[in-house]
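In the block that follows, a single chain appears as structure tokens, in the form predicted alone.
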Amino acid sequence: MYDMFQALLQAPSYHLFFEALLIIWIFKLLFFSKAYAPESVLTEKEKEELIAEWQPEPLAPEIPDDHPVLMAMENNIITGKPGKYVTINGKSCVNMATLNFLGMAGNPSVEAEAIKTLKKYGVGSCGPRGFYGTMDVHLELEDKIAKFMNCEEAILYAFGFATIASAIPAYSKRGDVIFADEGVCFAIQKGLVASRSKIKWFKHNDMEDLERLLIEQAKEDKKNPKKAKVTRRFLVVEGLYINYGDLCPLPKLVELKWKYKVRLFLEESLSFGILGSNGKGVTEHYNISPDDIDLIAASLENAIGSTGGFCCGKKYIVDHQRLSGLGYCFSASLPPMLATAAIESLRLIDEKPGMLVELRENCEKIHSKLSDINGTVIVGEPISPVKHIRLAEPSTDRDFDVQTLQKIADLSRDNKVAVTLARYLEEEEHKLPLPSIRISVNNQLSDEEIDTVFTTLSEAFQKIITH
């Protein structure tokens, strides 16, 4: 005991101070920690009072009955086929709203093939591809798409939106880096969120801004080479942007892909079946080999006039989605009749490339005429089948501009030209585009119908804006 006391006196002061702190901390843990605090017991009356006061959070925010989207659905009821003309509320209108660019949705040959398949296979598959949902027509369509796009393999999805939204998180995971154009469509945005990767946005179609981000990433990789070895880098763009109607600068993107060693994903829902001399999309338009693109994804719901979507590329890349693509693994496969419809549409495009020429000519004619509407700005490439008409002098109130454009769209519909307001989930969009009326062009329009569209829209803008 005496020796312990002497050792204590000879110990350094900082040592004594540290031991005192430890003793106080242990004492606090034992006697003042919440874990040892006596549990409070509520009486039955107190429990009932707390339950009576509790108010649950609403399952979803309240939506007003006059919400523009709800009003648009109630006021624009379509009966019949959405072909060159569409019947809205019993009135036949020139169809400049739906994305039936090549008229495949009502093509007699496509319909005949779909009906023949319907009689053989029934209405739906009722099972995912891995659970007795794979039918011979699915494999045939995948083979046709792969050959059409000059790729090794293709994979088929039952829902166009889910295609790219499933493909991105199948490859990019937490810790990876994705460089994305800030103008990409909502389906891509949902895929980016699902990947849980680090997203680096670059200005729309701004290659200097993209290269700036790539250089910054290269500098970060040099600082931490160990992390860089396990970090995958992706570049995600649209071939033809649905929210802007403009083309991506694919040659420059491919150049940057090889220079900075990133994987390039190309979403071609709007350009597939449209661009290029044979409708193979932006790769054919720019004369770039599909092998330079790591993954091409597209919807079958626009030019093809069917449902679903596909991804294509190298076999080892595509096969990975058969085990990791959520939309592929857990959704019922594409109804067989719609697969056959898509096969027939591809056959028609392959055999009649003249329809692509007709579409491009109509796109350029309409673009030229719409540019003459006073008080507007036409956004989009002349060859794009989707164009956006914006106000030349928008106000500072977005809601006011939306209401103005909606009045113009309604007046045009009343005068037998169907157009639609471009709609977005405003609270969820990464970058909300300016309000616009979206125009969709098809190859079946005559010169007289194009003149009618221009005259009707021009008069509607003049009447609404001047008042």
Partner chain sequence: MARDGFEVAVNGINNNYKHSNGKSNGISAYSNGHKVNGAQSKVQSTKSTPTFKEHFEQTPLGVAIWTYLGYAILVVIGQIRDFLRSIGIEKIKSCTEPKLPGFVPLFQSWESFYTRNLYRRVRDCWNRPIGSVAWAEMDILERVSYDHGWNFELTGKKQRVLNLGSYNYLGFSQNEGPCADAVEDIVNKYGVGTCASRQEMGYLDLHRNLDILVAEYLGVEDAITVPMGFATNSMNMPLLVGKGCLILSDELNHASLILGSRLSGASIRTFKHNDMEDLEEKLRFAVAEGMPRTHRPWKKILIVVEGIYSMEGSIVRLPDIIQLKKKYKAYIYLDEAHSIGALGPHGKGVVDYFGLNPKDIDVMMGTFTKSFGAVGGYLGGSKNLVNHLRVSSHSAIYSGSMPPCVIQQVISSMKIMLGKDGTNEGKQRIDTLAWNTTYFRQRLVEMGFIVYGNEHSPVVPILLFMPGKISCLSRECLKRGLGIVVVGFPATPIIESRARFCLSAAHTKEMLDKALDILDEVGDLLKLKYSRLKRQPALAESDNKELKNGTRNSSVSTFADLCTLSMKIIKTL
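Positions refer to the first chain, counted from 1. These numbers were taken from a predicted model, which means no experiment stands behind them. Just so we're on the same page, rigid core means the largest C-alpha set that superposes within 1.5 Å between forms.
Unshown form predicted in complex with its partner chain; subsequent notes refer to it.
- Taking the partner from the other structure, its partner chain in the predicted bound form has a heavy atom within 4.5 Å of a heavy atom of residue 307.
- Contact check for residue 400: no non-hydrogen atom falls within 4.5 Å of its partner chain in the predicted bound form.
- By the criterion of a heavy atom within 4.5 Å, residue 302 is counted among the residues contacting its partner chain in the predicted bound form.
- At least one heavy atom of residue 420 is located within 4.5 Å of its partner chain in the predicted bound form.
- When its partner chain is considered in the predicted bound form, only one residue from 222, 212, 91, 119 comes within 4.5 Å through any heavy atom, namely 119.
- 335 is the sole member of 279, 335, 380, 239 with a non-hydrogen atom within 4.5 Å of its partner chain in the predicted bound form.
- With the partner omitted here, the stretch from 212-220, 99-107, 282-290, 347-355 that lies within 4.5 Å of its partner chain by heavy atoms in the predicted bound form is 99-107.
- Residues 323, 326, 327, 330, 331, 332, 333, 335, 337, 338, 341 of 323-356 are found to place at least one heavy atom within 4.5 Å of its partner chain in the predicted bound form.
- With a cut-off of 2 Å and the rigid core superposed, residue 68 has a Cα displacement that reaches or exceeds the cut-off between the shown form and the other one.
- With the core held fixed between the shown form and the other one, residue 53 has its Cα displaced by at least 2 Å.
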